[in-house]
Every structure is written in C-alpha cells, then in structure tokens.
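The chain that follows stands alone, in the form predicted on its own, written as structure tokens.
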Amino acid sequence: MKTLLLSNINMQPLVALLKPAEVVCGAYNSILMDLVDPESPAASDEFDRVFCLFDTDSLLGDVAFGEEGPDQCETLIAALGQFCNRHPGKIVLAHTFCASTSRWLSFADLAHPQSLRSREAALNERLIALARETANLLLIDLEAIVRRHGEAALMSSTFWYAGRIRYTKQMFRILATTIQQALEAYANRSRKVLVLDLDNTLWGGIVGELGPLDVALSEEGGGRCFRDFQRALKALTKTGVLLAICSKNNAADVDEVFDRNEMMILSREDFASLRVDWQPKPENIVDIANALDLGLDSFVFIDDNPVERALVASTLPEVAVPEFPRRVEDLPQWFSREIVPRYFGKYFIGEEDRNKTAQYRANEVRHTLSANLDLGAFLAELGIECTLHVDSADLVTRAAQMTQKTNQFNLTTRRYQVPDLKRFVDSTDHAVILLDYKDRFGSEGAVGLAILDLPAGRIDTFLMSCRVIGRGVEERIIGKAIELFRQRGIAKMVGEFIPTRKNGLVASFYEGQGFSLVSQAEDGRKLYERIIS
C-alpha cells in the first residue's frame, strides 16, 4: 500500500520512521486543499491510504488567543467526512484535536465561554461521531499520547520556529509506533490468545509453599499490583482475547486459589483452556493450540521466569514471548501500555468479541461429546441452527475480521478490510454471505463467509471457522451461493483453491461439494467448476 501524508506543518521526519511502508508527504500546509480538491494527489488511485496529521494550534490560529476568525478545525472535520465518503476504498487515518496547554484565559479557561478546553472537547466529540459512522476513517488519540509522555518531552519550540516542525524525535518515534499499531488493529491482525503462568505472574509467591490464602493478592502494596493486573486481564477478555493458563503446579493447589481466595479477580470461567501440571510448557502450549484449533502465531506467552520464557521462545518461535517487568509495581501499566497495543490492539469490538471465551469453553464440551458418539448421533445431539445473512451492512466489520484471521479453512486466503467489505456489500455485482451458528451449547456467532463475484459466477472467498469443521454447515453456504448465482442466470459457478502454508486442510474441499477440477498450476492453485442445475 502507498500512503500520502497530509499536514498543515512539517511532518517529513515521520516518513523514515514508517518504513517499510511507502509514504509520501504532500505539499506543505496542503491538508485542507488536498481533501476537498477532486483532482488532488489524495484523490488519485496512486494512494491507498491517506494520513491526516495536523497541528491543532495552527488550525485554531488567532482563535487560540481569543480573537475572532475562521475556524479551520470545523472545516477539517467537514473535509474529512466528504473525502471519506467520496473515496470509500481508501483508508484515512487522522487523530484527535490536541491544543497546547498555553491558555490565554489562564485559570478562567475552565469556565469561560471562550474556553479552549471546551472548544477542543466539542471538536473531538464531532470528530469521533464522524468516525463512528464512517467505516474507512481511523482515529488515534493524540491527547492520550501527550498526557502519557508530557508536552515538554514531545513538543519543541526550537524545531517549530526553525522549520515548522512541531514535534521532538521522541514524539515522532511514538507517533510512528502508534500509527503502525493502529493500522494493525484496524486490519484485525491482533493475536488471539494470551497464555499465562501463575506463581509470581497472576499472583505473588508460590502457592505450593505459601498456600492458597497467603499468595500476594490484596488491595495494598505488591498484592494490589497483581490484582490490578488481573483486572486488566479480565477487561482484555471483553475485547475477544482468550486467556489460557500454562503453569507448573499441583492442580489441587491452584484449584484452592480459585475456590477459596476471595482476592482473585479472575475465575476459572475467564480462561478458555487450563494446563496445570509438570509437563514442559512448550508441550502444553501446543496442546492448548490444538484444543482451541488456533495456530501458534496467535499466541502470546507471559511468564516471570526467564528460563521458561527462553525455552518457549526457542522451541516455539511463532509464539510471542515478551520480557517480564523487573518490578512488580510496573506490571499493570506495562501490560496495558506495551503488551495490549502491541499484540492485542482492537479498533472494532462487537458482540462476537465479548462472547469469545464462552464460545471456546462450549467448544471443549462439544469435543467431549463428539468423542463419545458417532458423527450422525453427535450432529443430531447438537441441534444445530444456522442463519444466513446476505449483504448485511451491519456485519461488514465481522466479515473483514474473518478474512484477516481465518487461515486453515480458507480456500483463497484473500485479506480484506472494512472498506473492501463495504464496497462488496454495496455493489450489485457482488454478494457477501455470512453464516451464524448456534446449537444447544450456545451461539458461535458468525463462523462462515463467502464473497461472490456474481457476473463471473465466481466464489472469490470461502472460509469457515475451524470450530465448526465437520458439522456440515459449509454446505448451507454453497446452497445459498447456488441460489444467488441462479437468480443472475448463471449456469456454471467457479471455485478456486490457492494453497498456503496453513490451508492444506481444504485442498480437496470443492471436490467433495460436486465441483470438477478444471486446471491445476505448478504452484498448486486449482480451478474448479460446478454446473448449476
């Protein structure tokens, strides 16, 4: 993707920090003109992404000093909205308004009718409202960055008067990292599972030596650090991240902590999978991955023990293994400020994400049932119900998320983002089919997706969650695709298989669905056809 960076100040130092992305700076102070001009570089097909990084003080102009004048901040909000609507296929990244702390009203700024604080808040309220209704507008919180690191460390008056560069080197580095993490979050590329040790990680001390009630968990001192860490972990589960335990311990000791220690924030039900034994941790992590039907590249492992971290990092290189903070006092903020944005950043959070742990726990119950019944009896016992949605604008975020995260049961592994799915849903030449699944153990939510190119009679994308493999629901999507193609007068539909390192599971999928192999390329790509009767 090629990116155009627009601003009203000099942002050239940021370009090198955004590599390997290809970023080009627009003309100096061209941001407003480039957004409204239909012939500007921003409007051209050359750029897939447009970054709008502006200086609030410069936009405010004399208004920041109590004078009357044109409000370029309002103009920018309107221009952003119009540009995003005209170019729904472009990803537009902007940030919140953040004026400097210089206040001409001094202490009166809090309550005065011309308060800059109130003006900034009102501008951000309108900008956030625009982002909520505009699928291709991605916002980052600039004010949060300044609060965390301090205006004095991030802003340079020397650079500003010498070359209209507002920020210090530190700020440019932080901004580059934040932008990259935000784009990863927007594209739904976050990891899915956090595997945790217990002793001196989830609580202080060793439970086998101290007992379940004397481990460090309290509302004071070091015990408060571990409780706050657990609070942050519990909040993370509401964004769709799965928690798992991998601990060398006696299971009975750990059970007592969960059962008897009232200072525990987390319960067993907050964990999708638990491995508490004396097996090597890499073996248990692989076992957890198999139980959850997820790849190891979806995992992050947190353990206070450097030997265990080194073993997992060397044995399972796909698993992310961050360093553990040296001081327990740093644990909660280290997790929230460094680990979450780096590995688990989310921009869209829906009902599917909030129910993720319950879905995976229910899936383990299904696995137990399937081991005791033959397939026919198992499927009958499940009481499966499926709902098919076609071109639902409300589900484009979930559909985009599925294309980014599904690897094994994915025939073409084409990755799409929200603007792409919105374009497919709005197009009369495409159809987006989503399948919702539930059974007597609970709802799995949206688990199947197909994107159809209707005039070509082609299945562009076909994928399913591994959680429902073997339950026959994929045939319902094929049936709906046939119905939609038939409505367009298509007599023959085409399916593709594009091999990857992870999707060998579905190499022969179309052959089992009544398709005939037409051709196979040297790289393993296969083209199939099926007559629509």
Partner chain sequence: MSERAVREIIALIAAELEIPESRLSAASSSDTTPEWDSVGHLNICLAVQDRYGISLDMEAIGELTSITALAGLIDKT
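Computed from a predicted model, the values in this text were never measured in an experiment. Positions refer to the first chain, counted from 1.
There is another form of this protein, the form predicted in complex with the partner chain, and it is not shown here; the text below is about that form.
> Could you tell me which one of 172, 97, 416, 83 places a heavy atom within 4.5 Å of the partner chain in the predicted complex?
For this set of options, the contacting one is 172.
> In the predicted complex, which of the listed residues (278, 161, 107, 104) lies with a heavy atom within 4.5 Å of the partner chain?
Going through each option in turn, the one that passes is 161.
> If contact means a heavy atom within 4.5 Å, which one of 172-180, 296-304, 327-335, 259-267 is the stretch that engages the partner chain in the predicted complex?
Looking at the partner contacts, the answer comes out as 172-180.
> Is residue 12 a contact residue for the partner chain in the predicted complex, using a 4.5 Å heavy atom cut-off?
Looking in the predicted complex, residue contacts with the partner chain include residue 12, since a heavy atom lies within 4.5 Å.
> Does the 4.5 Å heavy atom contact test between residue 226 and the partner chain in the predicted complex come out positive?
Judged by the heavy-atom cut-off of 4.5 Å, residue 226 is well away from the partner chain in the predicted complex.
> Given that the partner chain is not shown alongside this chain, does residue 168 nevertheless sit within 4.5 Å of it in the predicted complex, heavy atom to heavy atom?
Residue 168: yes, in contact with the partner chain in the predicted complex.
> Is residue 525 near the partner chain? Define near as a heavy atom within 4.5 Å, in the predicted complex.
The answer is no: residue 525 has no heavy atom within 4.5 Å of the partner chain.
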